[in-house]
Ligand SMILES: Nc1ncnc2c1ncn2[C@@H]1O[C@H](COP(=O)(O)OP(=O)(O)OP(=O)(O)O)[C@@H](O)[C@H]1O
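Quick setup: one chain, the form predicted on its own, written in C-alpha cells, and binding and motion questions come after.
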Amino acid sequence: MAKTLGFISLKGGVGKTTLSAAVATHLVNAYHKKVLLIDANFSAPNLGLHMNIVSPRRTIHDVLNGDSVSSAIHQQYGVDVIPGNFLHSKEINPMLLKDKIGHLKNNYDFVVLDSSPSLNEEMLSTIIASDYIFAVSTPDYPTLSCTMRAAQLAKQRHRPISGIIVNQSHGSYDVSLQEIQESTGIPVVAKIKYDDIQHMALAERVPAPLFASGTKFVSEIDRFCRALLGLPEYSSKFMKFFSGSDERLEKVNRAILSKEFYTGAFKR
C-alpha cells in the first residue's frame, strides 16, 4: 500500500510545489516507483503548470464534486497527476480528500500531496490525509515562525511532522540547521541551496530532475528520496572529509528517517 506524503508550508514562495513535483518525478524516473501526485492547493492550484498540464480535462475539484478519481488522472513524465483548476468556481469540501483517494493507495508506492500554504481547511485536509508530513521552509526567522505554527496544527491532529526540508539556502545568511531543529523540535532531513535551476525548470514546465539531472538540487532530492525508500546514502570519501556540521546533521536525520520508513515505525 502506498505511503502518502504531504508537503506543507505556511508561507508561499518557499518552493513547496517545485519540491513536490521533483520528488514525485524522481521516485518514478530514477527508482521506477509508481507515484500519484495531487494538487491539494485547492484555492490557488499551480501544480499542473510545474508538470506541463496546462488545460486538464478533469481536476481534483471535479473529484471533490463527485466525479470519479480515475477521470482526473493525467500521466505526465511517468507520474500519475491529479491537477487542480484555478478557474473552478463551485464550492468544494476539502475534508473529503482522504476518503476520495483512500482506495487508490493499493495501486501506488507513493501518493504525494502538494498542500495549500494557508492555515485553513485546505492544509488540514492534507495533514489528515497524509501518513508522513514534510514542512518546506526557507532558513529565515519569519518563515520558520510559520513552520512552527504548521507543526503545532499537525501535532494537534496527531499527525506530527516527520521532517523539515530547508529550501533556497544562501549559506552564511541562513539560520543554522541546529537552531532550526532546536526551535521547531523537528529534524531537518534536507538542505537545498538556492539554485536558478528551479526557476529555469518551471519556465520550461519540466520537473527539475528531468530538466537538469546533474545539479546539486537534484542530488539533494535524490538523497531525500533514498531515505524514503530505506536505501543507504551515496557519499564519497571527499564529502565525508569536508562535510560541515549542517551536512552531518541532515545526514544523520535522513538515516533515522530511512530506518523508520523501512521498518514502518511511522506507519499509522
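Throughout, we count residues from 1 along the sequence that is shown. Because the structure is a prediction, the values reported are computed rather than measured.
The following text describes the form predicted together with this ligand, which does not appear among the structures shown.
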Original post:
Should the three residues G12, N41 and L202 be counted as contacting this ligand in the predicted complex, with contact defined as a heavy atom within 4.5 Å for each?
Top reply: yes
Original post:
Contact between T147 and this ligand in the predicted complex at 4.5 Å, heavy atoms?
Top reply: no
**OP:** Report yes if any heavy atom of N167 sits within 4.5 Å of a heavy atom of this ligand in the predicted complex; otherwise report no.
**Re:** yes
Original post:
Quick one: is H50 in contact with this ligand in the predicted complex, heavy atoms, 4.5 Å cut-off?
Top reply: yes
Original post:
Even though this ligand is not shown here, does K193 get within 4.5 Å of it in the predicted complex, heavy atoms only?
Top reply: yes
Original post:
in the predicted complex, which of the listed residues (G84, P117, P139, G163) lies with a heavy atom within 4.5 Å of this ligand?
Top reply: P117
**OP:** Specify the contacting stretch among 178-186, 70-78, 194-202, 87-95, defined as having any heavy atom within 4.5 Å of this ligand in the predicted complex.
**Re:** 194-202
